[in-house]
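In the form predicted on its own, a lone chain appears below as structure tokens.
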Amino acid sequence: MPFSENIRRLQPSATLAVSALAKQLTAQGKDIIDLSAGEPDFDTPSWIAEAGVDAIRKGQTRYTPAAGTPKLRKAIAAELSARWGREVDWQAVVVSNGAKHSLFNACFCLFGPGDEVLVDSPYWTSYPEMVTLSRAEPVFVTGSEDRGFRVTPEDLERAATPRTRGLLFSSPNNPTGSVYSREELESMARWAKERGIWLISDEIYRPIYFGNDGPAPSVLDLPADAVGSFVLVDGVSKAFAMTGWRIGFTLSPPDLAKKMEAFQSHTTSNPSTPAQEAAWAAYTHREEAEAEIRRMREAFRRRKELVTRLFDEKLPGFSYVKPEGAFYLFFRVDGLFGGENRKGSEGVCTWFLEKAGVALVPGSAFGDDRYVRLSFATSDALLEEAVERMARAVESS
């Protein structure tokens, strides 16, 4: 049966596929430590969850405007205004069903046939699929390995063509955990502005930053004259442990926001109404929110230090990108290629799953087959056990 040309090159999400396989094996009674999931292991803060439950009890379960309730959009705009130091028009904010949905809306409304979009690589697995679904072409740009793969304007210039319409990147990066400094962000933004290229900045991991007590640098931190046309993507999933609530948003020029709102009105309509109420609570109770974010960030910082120390001690032959944010360790496994059907990163992940009972995500899903991604969004005890199992498997291979 023929399918639409729109999905000819579409591939399933590798991260979700690995997580599903790990859950399936666990259900079969196998002892699996799942380090594949890209979500915090904390519960949603109770006061945020209660706001969603209370909304249901009050009958707030009907349609809202497609771009979200005005009060949530105003709360997000107020948060962004405080960060930016200038007034954000709340109508420039579009709330969607998670940051993934927000990213897709931006790509679909900005790009089309004949366009090229530069994608910072290694990339989150859905980026190229979103660009392809928009009928544009992803062009992968990889920075130097010794600087955490962060790209420079020189890297971008080599990849750009007259067809280049956008630059899509995340910081902190998934899967590497690398973070662009304010100076690096500014140099990229100025490069994009000079060439009339849309900058799409995925900042969903911004609060999970290990460089200091605050969040990672943002495009909103840059001088006004450094930034041209941009779309900021963020949401509640990572910062507030609300992945399943599915609330993300974009900040963009108002005319683009109207287009994305119209597009969303014909695809999904509004995000979940009770979830919007929970997100409103998260964005309006600033002191409580900051306390929760600090608590989770410090836990991730401790786990980052634990897992890197364990790798240095027990798996010294495996180099990795030093995580500066998010909750991932991206480490090289090409030294294991060859034996026992370990053909590429997928083969290595299957081998670790079978030999060690540890679920990881192959780097091929992120554009670099030499690497594997480990999520340290789990307990210290499970991290210690997982690395110990992996070390035993490597020693016996």
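When you see a residue number, it is the position in the sequence shown, counting from 1. Quick caveat: nothing in here was measured; it's all calculated off a predicted structure.
Keep in mind the form predicted in complex with a small molecule is missing from the figure; the text below concerns it.
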Do Thr250 and the small molecule come within 4.5 Å of each other in the predicted complex, heavy atoms counted?
no
Are any of the heavy atoms in Arg165 no more than 4.5 Å from a heavy atom of the small molecule in the predicted complex?
no
Please determine whether Ser170 contacts the small molecule in the predicted complex, using a 4.5 Å cut-off between heavy atoms.
yes
Indicate whether Lys100 is a 4.5 Å heavy atom neighbour of the small molecule in the predicted complex.
yes
Interface segment, criterion being heavy atoms within 4.5 Å of the small molecule in the predicted complex, picked from 81-89, 294-302, 224-232, 203-211
203-211
Non-hydrogen atoms within 4.5 angstroms of the small molecule in the predicted complex: do Phe111, Ser134 and Gln264 all have one?
no
With the partner omitted here, the residue among Trp191, Phe149, Trp198, Tyr127 that in the predicted complex has a heavy atom within 4.5 Å of the small molecule is Tyr127
Looking at Arg246, His285, Lys314, Lys258 here, can you tell me which has any non-hydrogen atom within 4.5 angstroms of the small molecule in the predicted complex?
Arg246
